[in-house]
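In the structure tokens that follow, a single protein chain appears in two forms: structure 1, then structure 2.
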Structure 1
């Protein structure tokens, strides 16, 4: 026992003694029930006053680490270890519970987790199947990329210049006329929403969205304290918007083409009407257009194409088409807005992966992207037909659906409200993962977002059969 307090420490003498004793207990040198030396002995050893020892012992007693036994002395307490463990670890749970960002719903956390497991049949995944990804072509294009040192440094605030110039050309096919100063490269569409949430809205602003909505399954706006209002598409839209808008700031979030989760598209007339209603009420529009390239037959102008005054923030991405792993998307908007979002992006992650930007730029410029899209649409269409065939055979009496016009999803509606968390969990036990409607509209127990994009044909067959059997079994 050679330790002594250090008179030049930043800690007071009694604090050092407390620490030393705690470490005795922690190391197990003083195990539970150990009798502690007397105050006199300790005072002598440490060359301090007995009152200092008293102070240290009082603190340890208050912490529950030691206890007096009358007439016998002071002992290491029975639960000292528990106390120490609690004391010495930061209380992370408390940190987490009180913090700002909302956790994902439990169902979504489970989806994120189980999507990692290879044996799971993924009936709801919003991602193209591994075999639909142009993996070999991507690998090949990596070999063709010429890096230059400037392009792999920190990105310019708006993102790679060549990529933005190529996007300007590309976006013309959706009727969008823009210039590269009006484009911000982001790490996927979700990041765009995140930047808009913290960069363009005061807390408590209203975010209008369709019902059901992808926005209910992620929380960029909710975590920033926005008020989410779902509106239904009917003749009273303008009244609904007026009623909630009042003097608050607001935005209208929409996926007008191949909506997530329903797969529906607005007609040209509906797009125009929504645009004009929002314009009249001065409600900026966020047009999330990440599925647009996957329309099977017709193309349809983006709402952004009507926009001459900076009413619409347009979001695109290659995550649903080329590869989600690239993490590349874009926002098109008025330069003032784009500069603001770029400023926040610089404060958030200093830009998106330079290599990913180079790859996307290369794919767009060389036409590889367009060529891949033609093939991908064909593949998705085959898959849609296959799933519809199964649905027609098995599900006709218990559910309804609409023939998909593109994208990934069939919004399968069961006659009865059976799509609850219990069903989700029971299916998970059978290794079948679904995206239940309630993650897009908490009151919805009728729908499943069925994706024909990810699982293999065999898995689609087995998975849908499992789903059917389970529903029959539980009737």
Structure 2
């Protein structure tokens, strides 16, 4: 019995015809090259108007299943089976392309991939070297921890209570007076930014930041629909902020101490000026202060230390100092904000690692953390001196830089705009991985974020020599 469309179906007549013809091709009844019956024949068989047949055939042609041959008729297309196979699977690329989260720059994707390879010399990595991690001490401290079923279960929404209490005492040394209910434990500073993006701002809000900016190499705010605006911290800052803010929600993201990627630190006056401008305009500040403990000399107080009205959300972390693998950071802010961020975090991961929180709490409470910081700063200072010596020997005629005050980075500026993707890829072929300036500011072809924190002394020497020779060769 010949098939006919069901006039009582929820599908339209032409949709049923399209599905039937697809099934004929898929089942092999109409193999590749088979001539399709004429419109008149199909209209008669299905008892429909020719216009309905024409609509179905046009859809099948658009899908690549059939093709017209001038003066001959309509045939099953050569690629029809491949088309049907692809159509039978979810179109994941369509899902990916339409998703909310922005893809990272291709260069950063390559950096993330090649950083995992042991033979690569990592000249830009924002991470301390494995030999600088207190591996043995951490292992020993695990034996000193008293574990019970409660302590290794899910922690409270705000995080381990003892850790938060210990952080209150620790932060006092940096001029920050707070209480446990004003601290949220997070899985690193980046999670703090992601929670703030989705929990405190509406789509279209403005996020002010310095240029160049770490925020351009990750997309916590961009993917949440925020508008990123770079500003200069000069005498016209208040006019800039007013002009862009208007009636929109906004906040100011800053890394005031050992800025990523430049390594610059604001003076106390610069911190105060920025704080008061934002307070006057009611613009909350995110103070990302994950590097301040790595200053070689005494630091000026955090902006949070002179915040009496909940203007500043303060972010700290042990990822740059103790261990990135522990994934422990914290946010200090008004209790309502902390409760909001905690609620979202519980919906996301149900709390940071209980074991990691116990370790960090133990290290802070016993003084192990501060003792480790003294040694780490000294090690980083030696490395910075070593790299500066190489720069003075080889790069002083082609680049400039500022003596590092601490942390990981030297913001190396070449006289000519040579730091492009071609240079990045050529170095990668030589097993040297750099962090080019254009991942922090798309128009920057002069800078490299040079890290002395990860590569060994020998690798730093070889990697910088390779960079110098490549630049000389391509003059």
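Positions refer to the first chain, counted from 1. In this text, the rigid core denotes the largest set of C-alpha atoms whose superposition between the two forms falls within 1.5 Å. For clarity, every value in this text was computed on a predicted model and none was experimentally measured.
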Inset, instruction - Have a look at both and say which one is the form predicted on its own. - result: 2
Legend entry - Threshold 2 Å Cα movement between structures 1 and 2 at residue 20, rigid core reference: yes
Inset, instruction - Please check if residue 46 moves between structures 1 and 2, taking a CA shift of 2 Å or more relative to the superposed core as movement. - result: yes
Legend entry - residue 433 C-alpha relocation of at least 2 Å between structures 1 and 2, rigid core basis: no
